[in-house]
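Encoded as structure tokens, the following chain is the form predicted on its own, with no partner shown.
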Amino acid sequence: MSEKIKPIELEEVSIRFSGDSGDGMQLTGTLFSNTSALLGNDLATFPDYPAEIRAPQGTVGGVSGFQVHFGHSKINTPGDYVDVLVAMNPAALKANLRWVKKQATVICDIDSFDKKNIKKAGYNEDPFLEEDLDGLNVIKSPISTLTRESIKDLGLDNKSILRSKNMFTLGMVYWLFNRPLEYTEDFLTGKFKKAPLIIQANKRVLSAGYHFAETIEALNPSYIVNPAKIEKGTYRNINGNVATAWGLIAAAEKAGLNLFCGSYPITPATDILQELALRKEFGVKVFQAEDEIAGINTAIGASFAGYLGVTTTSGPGLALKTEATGLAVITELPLVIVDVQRGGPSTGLPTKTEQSDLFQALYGRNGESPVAVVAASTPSNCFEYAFQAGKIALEHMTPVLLLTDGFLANGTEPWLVPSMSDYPDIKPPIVKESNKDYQPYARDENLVREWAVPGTKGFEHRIGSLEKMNITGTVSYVPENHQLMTDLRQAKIDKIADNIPKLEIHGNKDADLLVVGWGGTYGHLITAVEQLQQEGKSIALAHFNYINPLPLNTAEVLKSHKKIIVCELNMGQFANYLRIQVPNINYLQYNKVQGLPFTVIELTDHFNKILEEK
């Protein structure tokens, strides 16, 4: 055994775990992330799933990946390129080599590099000769063999044995970065408490991988990433879908209402429905509908009955909810519609991220049918903007479309658990019993009508999908009344701007280049902008979370910069929306539609080119 060299301190590290869907890479990455978070590192993750439920084993299309970027300082992205790649088969190597740094470490399970898997991955004979691996530290480890050897005496079948090989890999990476095993051992004890043999096997394999890494010279030295300096408090690792669910529950609690979610499962939004189903102790009621149309209509019915109605979906499902969204608009009932965006059109790229539903959110209904649109920008602030979506819906009696995306939904980061006392009360305009002159479409100073729950004596009223007479709510075909009600519904949405924060600038207010983004691109954009600011470049960022209406100072901010570039994961929908809302500005665009988030490198390269142009 070679002498162990003192560990090297690093500021930040990116690791990508990859293999077949059955290789447990999502769990491996999650456990590594949780351990790093418990040790005080800041981090961001990027799970990358195959689009097919049962993708062919051993193929590039079947590769499942999990990337984690952890560090001693603030981490906003899962990293562009990785320092360590774990490739459990040839397909994982082929799919991910493009994302490794020039001197990265690549850990392979050499046992899976047989002729059959090599051919499936698209190689001829030897991937290590056919790929350009110059400068890489390639560790060809017999992971499957050593996994079998470490637990051969436990009497498990071969399939059960190989299920634990991800723990061998995890043990290797734990040693490489001086991570303790105890947190994962505690997880295994809790997870498999009814199967003690499985606990024993996984713990033994985890330890075997750790000690194997300790003995091989190719993984010496190891590395240390010290804890980040973060605000004191209670943290937990959270993904965007769970944060969204909790934010909706918090909004209902602050409003003194119960929450109802009527939804149909769809990737990547299903986890919100599942998380809400677990929270009955908070008065949450969940209905898994037979389709998307039933999902939103049950939510509207619940809203009519005095609940905070919620429905969750992704792009194709949002298309099916179109007509019912218009019903919520004309009845002026509070409703939160969560759209976790994914690649399209049609079924498109179900497990990949995109921002291409913006126009659908803004305009995807028949008639003049305005709704409020809000977008979250990090996994953890999905809580904040789910809460705000609920607040707007309840206090302004309107449907609100909350946009997240696959990157936010599945990505995780440490979240400082807030105190509910820090959040404002939500005051829905429920009609008071003393109001003997109640009319269903009489409005307050914000043009908001009062909410009368059916069954309340003295507040019987008519409501439905036909146009209403102003004030009384009776069916009306009077042309002038239709114009008036159309104007009022639009003006009500516009007045929401009086109650949302003004747009903030990250950087100098007179910077030469203003980068504009919205939603889930925030982490990459702020990282790129801050990097260039540190180099002395005149650049700033304006990132939008409130889309409709826009913040009141939007035009003022946009008109104060020489050059503006709008960056989004679509073909330019927000840029075109800004051209309508704030015209007479030359909006440059940087667009990407690959099912992947931006990289910081591509952004900084493009921003530098614009800054250098005269």
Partner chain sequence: MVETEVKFTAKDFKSDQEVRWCPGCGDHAILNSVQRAMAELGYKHENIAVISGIGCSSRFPYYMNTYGFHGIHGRAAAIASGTKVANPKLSVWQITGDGDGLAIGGNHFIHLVRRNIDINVLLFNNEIYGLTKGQYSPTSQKGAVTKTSPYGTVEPPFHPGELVIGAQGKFFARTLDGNIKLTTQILIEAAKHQGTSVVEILQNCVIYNDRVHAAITEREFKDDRQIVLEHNKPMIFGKNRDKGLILEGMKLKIVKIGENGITEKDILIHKANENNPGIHQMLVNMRYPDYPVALGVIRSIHAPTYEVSVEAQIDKVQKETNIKNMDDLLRSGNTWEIE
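Numbering follows the first chain given and starts at 1. All figures in this text were calculated on a predicted structure; none of them were measured in a lab.
There is another form of this protein, the form predicted in complex with the partner chain, and it is not shown here; the text below is about that form.
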- Item | Contact check for D186, G519 and C567 against the partner chain in the predicted bound form, heavy atom at 4.5 Å | no
- Could you tell me which of 502-510, 102-110, 145-153, 299-307 sits within 4.5 Å of the partner chain in the predicted bound form, going by non-hydrogen atoms? 299-307
- Although the partner chain is absent from this view, report whether P78 comes within 4.5 Å of it in the predicted bound form, heavy atoms only. no
- Query: With the cut-off set at 4.5 Å between non-hydrogen atoms, does T331 touch the partner chain in the predicted bound form?
  - Reply: yes
- Message: Residue-level question: is P196 within 4.5 Å of the partner chain in the predicted bound form, judged on heavy atoms?
- Response: no
- Message: At 4.5 Å between heavy atoms, is L206 in contact with the partner chain in the predicted bound form?
- Response: no
- Item | Candidate from D271, E384, D83, E253 lying within 4.5 Å of the partner chain in the predicted bound form - any heavy atom | E253
- Query: Pick from N137, Q490, T474, N481: which has a non-hydrogen atom within 4.5 Å of the partner chain in the predicted bound form?
  - Reply: T474
- Note on the structure: Those residues of 279-311 with a non-hydrogen atom no more than 4.5 Å from the partner chain in the predicted bound form are R279, K280, E281, F282, G283, V284, K285, V286, F287, Q288, A289, E290, D291, I293, A294, N297, T298, I300, G301, A302, F304, A305, Y307
